[in-house]
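In structure tokens, the next block holds one chain alone, the form predicted alone.
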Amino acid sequence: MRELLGPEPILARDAFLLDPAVAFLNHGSFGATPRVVLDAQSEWRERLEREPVAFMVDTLPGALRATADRLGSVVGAFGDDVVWVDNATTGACAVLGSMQLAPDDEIAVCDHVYGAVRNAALHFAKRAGARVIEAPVPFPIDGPDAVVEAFSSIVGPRTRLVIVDHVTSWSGLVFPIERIVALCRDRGIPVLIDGAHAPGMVPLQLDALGADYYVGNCHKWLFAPKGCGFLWARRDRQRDLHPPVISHGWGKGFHEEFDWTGTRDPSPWLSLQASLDFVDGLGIERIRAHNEALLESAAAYLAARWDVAIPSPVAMRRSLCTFRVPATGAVDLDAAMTLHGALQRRGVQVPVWSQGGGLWLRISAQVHNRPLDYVRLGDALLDVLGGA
């Protein structure tokens, strides 16, 4: 059975703090930080606490900019165009909160948009008397054309911003963002890309992309500590962009406003240097190749094991794949939570959603995963559905 499932993990599980008794197939939600990166985070915190004033005033500004330069080399951007936020949702709120919306203006999203970003768009639209227009993207899906067609159908003369997921959360799809950005630029519409899952999972060239804004997380596929997000903005968009928390840097420029919004722990951002050293040590292309090969073999195995179809084409998958649960009965949020709990009690960690009249679960593939993890999931789900 194991020979059918593809590659063994690149790293031993004990490189992380993950519970060895759990088949951890949910790297996509909160990531998993290697021990060596957590050690680097502790060192940064100790440096801060040895002389807090000197650290915050003298050390931190330069360290944040140096780390932005390092990240820029990974995501295809100049470090000067990158600022730090706690997570991608915070970055999206910065963009939405900085917009000058008017009554009847529109923000365009699709129905795969991340729930927190949808809520943020609804909140800022409501304050201005604007509205959020949501395009339906089919799932199961045949290919990326359906995504482009969905966005093309809803953008119009009142559209003031299009928000597009680079890699969708619940459905795990890699969207054709280059085509959507080109579509919107032809119509003079700004684009915010929600790249919560993308950095590390897929190659990025932000300067060449043509988007107006890009927000991303580093705690997922770049192995950073939780609370390490970034916001990239095109140069002509930076002057009018402000953080959700206005502080001493207000009106002093892009870096000054975002780099200091008050006293907080900067160690997640500063530890990104260690995270990127970790990635470089393994080789980012090697990591991607491993994860994609493992995901495809695991997806094929589970589809056969559960007698279900894989609902997305291989061109729209990288390290995540979502399946419809072959279950009858209730498919609401309570049912999703019940199924998640039942799998968790069997030592398997995967997210479960209620969406579109069905229950869905999403697997991920990362360097710590073993083929046996997916065998355990396959058995556990059938065990639950069989009422054992």
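Since the structure is predicted, the reported quantities are computational estimates derived from the model, not experimental observations. When you see a residue number, it is the position in the sequence shown, counting from 1.
We do not show the form predicted in complex with a small molecule, though everything after this point is about it.
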Which of these stretches, 83-91, 141-149, 126-134, 235-243, has heavy atoms within 4.5 Å of the small molecule in the predicted bound form?
-> 83-91
Wondering, does Leu276 line up within 4.5 Å of the small molecule in the predicted bound form on heavy atoms?
-> no
Ser29: heavy atom within 4.5 Å of the small molecule in the predicted bound form?
-> yes
Might Ala196 be said to contact the small molecule in the predicted bound form, defining contact as any heavy atom within 4.5 Å?
-> yes
Going by a heavy atom distance of 4.5 Å, is Asn217 a contact of the small molecule in the predicted bound form?
-> yes
Ok, Tyr114, Phe175, Tyr301, Trp260: which has a heavy atom sitting within 4.5 Å of the small molecule in the predicted bound form?
-> Tyr114
Heavy atom within 4.5 Å of the small molecule in the predicted bound form: which of Ser267, Ser169, Ser312, Thr159?
-> Ser169
